[in-house]
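In structure tokens, one chain follows: the form predicted alone.
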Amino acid sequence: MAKSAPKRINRIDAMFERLRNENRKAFVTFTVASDPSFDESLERLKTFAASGIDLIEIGHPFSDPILDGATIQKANRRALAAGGNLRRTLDLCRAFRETDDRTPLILMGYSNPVITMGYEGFAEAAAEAGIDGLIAADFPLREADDLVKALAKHGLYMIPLAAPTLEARDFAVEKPGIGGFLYCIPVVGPTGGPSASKEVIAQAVERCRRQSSLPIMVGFGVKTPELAADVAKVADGVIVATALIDRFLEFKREQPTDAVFHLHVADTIKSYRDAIDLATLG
């Protein structure tokens, strides 16, 4: 009887193992698939990975992104107008995997398209497209058992969210299919909202560490390289989304060529990457 192939380690786990060995912290960003087009999204993903981003969250376009602030809501509308949807997002990830099999990819979005596709069908298609995890902003873990089981079957993680309004039983859950990291949200409000102070962020991270053994990543309100560096000192990684999207949009309004724009994206990412590394490596 032929032996089955060894189970592959999830790319998120491999990333954290690599970064721990290097004494470095993870730098993560977010983009909405198909904003403003499929081809531009693909080039942006490649630029992210080449410029110092360790893990990419990819939003699958949705008409009612209730967790998100104005910047990401507008990005969803642009992506929908360009024909974006969950299946097209999987196509995007599949295209990215043709040249990058190392950078972890997480789908971030809302439950309705996943439910419509069916848990098993979604998990199988996501794994085939090279996805490593899922953040479903409106899907509490206590209601997600069937989805979590389907993800676990295909080697994917559901990423738990830890917000100030949630109790430990809402995010500190240990079972197959839940993992990757704990997404620590130190402030109440949508993406792109006010930044928390260093002290509040440190307290939120400490609370998460008491409740979970997963790596702790901090997002929501991390706007500057300086604050990203402060976060990296207490957490295992930093998530910067709205602030980067705003910077890219502002520069895009100057109508640079594609080459100049992607150079600007790379330089902006490097400013955060350097600040994070300086804070943790010295």
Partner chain sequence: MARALKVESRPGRYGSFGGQFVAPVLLPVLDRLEAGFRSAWSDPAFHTELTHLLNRFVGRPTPLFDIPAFPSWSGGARIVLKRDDLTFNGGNYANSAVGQCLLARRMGLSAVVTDTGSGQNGIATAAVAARFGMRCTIYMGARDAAAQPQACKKMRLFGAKLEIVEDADRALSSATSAAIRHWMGNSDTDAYVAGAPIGPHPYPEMVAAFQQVIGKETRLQLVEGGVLPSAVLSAVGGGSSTIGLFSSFVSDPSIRLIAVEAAGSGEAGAPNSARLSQGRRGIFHGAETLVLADAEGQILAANSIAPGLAYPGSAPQLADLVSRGRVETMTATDAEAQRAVRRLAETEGVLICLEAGHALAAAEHVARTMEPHEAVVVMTPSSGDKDIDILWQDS
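Numbering follows the first chain given and starts at 1. Just so you know, these numbers come straight off a predicted model, no measurement behind them.
We do not show the form predicted together with the partner chain, though everything after this point is about it.
S.K.: Please determine, with the chain shown alone, which of 91 to 99, 67 to 75, 174 to 182, 120 to 128 has non-hydrogen atoms within 4.5 Å of the partner chain in the predicted bound form.
M.R.: In short, 67 to 75.
S.K.: Is every one of 111, 170 and 188 in contact with the partner chain in the predicted bound form, taking contact as a heavy atom within 4.5 Å?
M.R.: Each of the three qualifies.
S.K.: Is the gap between residue 143 and the partner chain in the predicted bound form 4.5 Å or less for some heavy atom pair?
M.R.: Within the cut-off, so yes.
S.K.: Looking in the predicted bound form, any heavy atom of residue 219 within 4.5 Å of the partner chain?
M.R.: Heavy-atom contact with the partner chain at 4.5 Å: absent for residue 219.
S.K.: At the 4.5 Å heavy atom threshold, is residue 63 in contact with the partner chain in the predicted bound form?
M.R.: Residue 63: yes, in contact with the partner chain in the predicted bound form.
S.K.: Taking the shortest heavy atom distance, is residue 87 within 4.5 Å of the partner chain in the predicted bound form?
M.R.: It does: once the partner chain is placed as it appears in the predicted bound form, residue 87 has a heavy atom within 4.5 Å of it.
S.K.: Among 137, 82, 202, 196, which has at least one heavy atom within 4.5 Å of the partner chain in the predicted bound form?
M.R.: After the contact test, the surviving option is 137.
S.K.: Can you tell me which bits of 147 to 174 touch the partner chain in the predicted bound form, meaning any heavy atom within 4.5 Å?
M.R.: Heavy-atom contacts within 4.5 Å come from 161, 163, 165, 166, 169, 170.
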